[in-house]
Each structure stands twice: as structure tokens, then as C-alpha cells.
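Only one chain comes next, encoded as C-alpha cells, the form predicted on its own.
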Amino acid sequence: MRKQLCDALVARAGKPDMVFLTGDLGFMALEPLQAAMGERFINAGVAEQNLVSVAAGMSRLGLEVWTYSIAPFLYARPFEQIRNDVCFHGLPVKLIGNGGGYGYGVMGSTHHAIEDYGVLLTLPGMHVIAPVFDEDVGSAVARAGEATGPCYLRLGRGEPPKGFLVPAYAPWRCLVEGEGAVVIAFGPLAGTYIETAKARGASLWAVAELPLDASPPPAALLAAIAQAKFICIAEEHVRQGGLASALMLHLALAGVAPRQISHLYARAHNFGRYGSQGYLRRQAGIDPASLAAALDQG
């Protein structure tokens, strides 16, 4: 999604108060943005803690501040700065983390971002946006730009099947209509499930924004969950603090009681061998075959 990100930010770069800080990343991808922004494009170096504190200071001055790095370098290393400098002051700093989930697969567990949105959503005012498809990035950037508080933009890679017509962006979208189980997936993972959901007669919903207090499930989905015999929640994130726990609490408070539930999640950072994102998804049990097995058993 880096090209789409660059295009969306270039289109926004005419705003004189916009600044962009990168942690020495974006080569062979963000050069058009650098050309468009000139001195407002700042390479802060491999110093993410300083990058976030500088971003907070710029935001406090009234600038529209965007920060960019590989996802774990942007939320894990400078977590204290995000907490103290950005969130405690309610500053609308935009944190762009590239490679959500197992996106940087072969680079190892240090580069995996599978606890990112769960960790960040513990902080006050944080909003998370995870585009499902490449076509979503422009709308996601616009929503992040309009955010009045801190925002984390989790980038991955759109993976719809060939010929799939991507619907207009929304925090919740029904990608496949079906009479069977209800599948709810977060971010780009949802796109990998489209063919499996169709083959199993399941409905498939894609989630692109958290927390649920700000982007609650639509009434149509709540009705489908109440009627379905089986629901499956899937996310490229660890079990704790993810979509599933938030959704189950939301359903409990709404008085909706699913009959049977399955949760597909990122089970580990390290499986003993490194490989592509697809390989690690298979090891974690969140690939389409794992969804098919869950639906067959449900």
C-alpha cells in the first residue's frame, strides 16, 4: 500500500501546515512525496523516540504531522513518547506503521507487528485505521487527516481475489453475503477470505477501524450474529487486546449472545522458521485453509 499512501499524501501536500517525518525509511517509494513537500519532508533518522517527541511538539504548534516507519519501530520503541507526549495531550499526530501483522515476514519476529493495535488502543484517544484494500488508502488517509486526536494507520497489502469489485470504504463492510456462518476479519486479512467465504456459504464482514466505541458494528451485522449458529473472528494480531475481545464485550453489553464462536489469531511471533507473510499466516492458523477448517467444524 506504499504507492497508494504516497499518492494520497502527495495530493494532500499542498497544505502549508502539513509536515512528514520518516524514520530513515520509504526509499524507492516516497520520493514523489519528498519532492512535493520539500523541507517539510524530514528524515528524522533511526531515532523513533525522538521522532515522536518532535512530532508532538510540531503538532502542539498547530501543524498537521504525519510520521512513518516500519510498524513495530513506530509503536513499540517509542511507546512512552506516544503515551506521554502525544496521547496524554490529545494531539492529532498521525502514526503510519508499514507492514502490519506478519508483513515483514522473512525479517523475523522483531519486525512483526502482531500486538500493535491492542497495545495502542490502551492509550487515551487513540484511533486505529487498517485499510483492507489498496483502494481504501486514500479514504483512510483522509480520515486520519481529519482526526482530532492521535491516529494509527496500519498498512499492509490488499489481497482481494482477481476480479473482485472493491466496495467503497467504510469502517465495516459486508464483502460476501451468505446464509451460513458469519466471518468478521480485521484489515487486509479479510480480502484473503473472500473465496473461502463464498465457497462455504458464509457471510464475510471486513473491519477497518477501532475502537468500537467510535466505529460500532452496524445493526445488520448484529442481527446476523444473533441469528447465526456460528461466528468466526479473525485477525493478524495476538489474542489479547484484539478485535475479538473488544467485539465480544460490545456484544455482551448490547445483549447479543452468539451461539458458537471461533477466534483465529496470530499465535506466535516466532515459529522456529522464517518465511513469507503467507507462510507465517499458515503457521499461525489464520490463512484461508484454516478459516475453511473452522467453518467446516462450526
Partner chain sequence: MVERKCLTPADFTRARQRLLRMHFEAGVGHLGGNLSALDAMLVLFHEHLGPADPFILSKGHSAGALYVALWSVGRLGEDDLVQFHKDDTLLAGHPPARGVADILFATGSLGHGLSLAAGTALGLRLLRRAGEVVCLTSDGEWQEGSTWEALIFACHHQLANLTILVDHNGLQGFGSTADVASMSPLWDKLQGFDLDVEVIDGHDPQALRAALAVRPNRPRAIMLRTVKGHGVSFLEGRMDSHYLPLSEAQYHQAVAELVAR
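Because the structure is predicted, anything quoted here is derived from the model rather than measured. Residue numbers count along the first chain shown, from 1.
What comes next is about the form predicted in complex with the partner chain, which does not appear here.
Taking a heavy atom within 4.5 Å as contact, would all three of Val10, Arg12 and Leu74 count as contacting the partner chain in the predicted bound form?
So, no: the whole triplet misses the partner chain.
Is there any non-hydrogen atom of Gly241 lying within 4.5 Å of the partner chain in the predicted bound form?
No - in the predicted bound form, heavy atoms of Gly241 and the partner chain never come within 4.5 Å of each other.
Is there a heavy atom of Gly57 lying 4.5 Å or less from a heavy atom of the partner chain in the predicted bound form?
Yes, Gly57 is a contact residue.
Any non-hydrogen atom of Leu91 within 4.5 angstroms of the partner chain in the predicted bound form
Residue-level check for Leu91: yes, a contact with the partner chain.
Any non-hydrogen atom of Ala35 within 4.5 angstroms of the partner chain in the predicted bound form:
Heavy-atom contact with the partner chain at 4.5 Å: absent for Ala35.
Report the residue, out of Asn84, Ser139, Ser109, Ser215, that has at least one non-hydrogen atom within 4.5 angstroms of the partner chain in the predicted bound form.
The residue from Asn84, Ser139, Ser109, Ser215 that makes the contact is Asn84.
Tell me, which of Ile261, Ala47, Ala254, Ile70 has a heavy atom within 4.5 angstroms of the partner chain in the predicted bound form?
Of Ile261, Ala47, Ala254, Ile70, the residue with a heavy atom within 4.5 Å of the partner chain in the predicted bound form is Ala47.
So which stretch, 48-56, 262-270, 228-236, 242-250, is the one near the partner chain in the predicted bound form (non-hydrogen atoms, 4.5 Å)?
Only one stretch passes the 4.5 Å heavy-atom test: 48-56.
Those residues of 27-47 which, in the predicted bound form, come within 4.5 Å of the partner chain by heavy atom:
Those in contact are Glu39, Arg40, Ile42, Ala44, Ala47.
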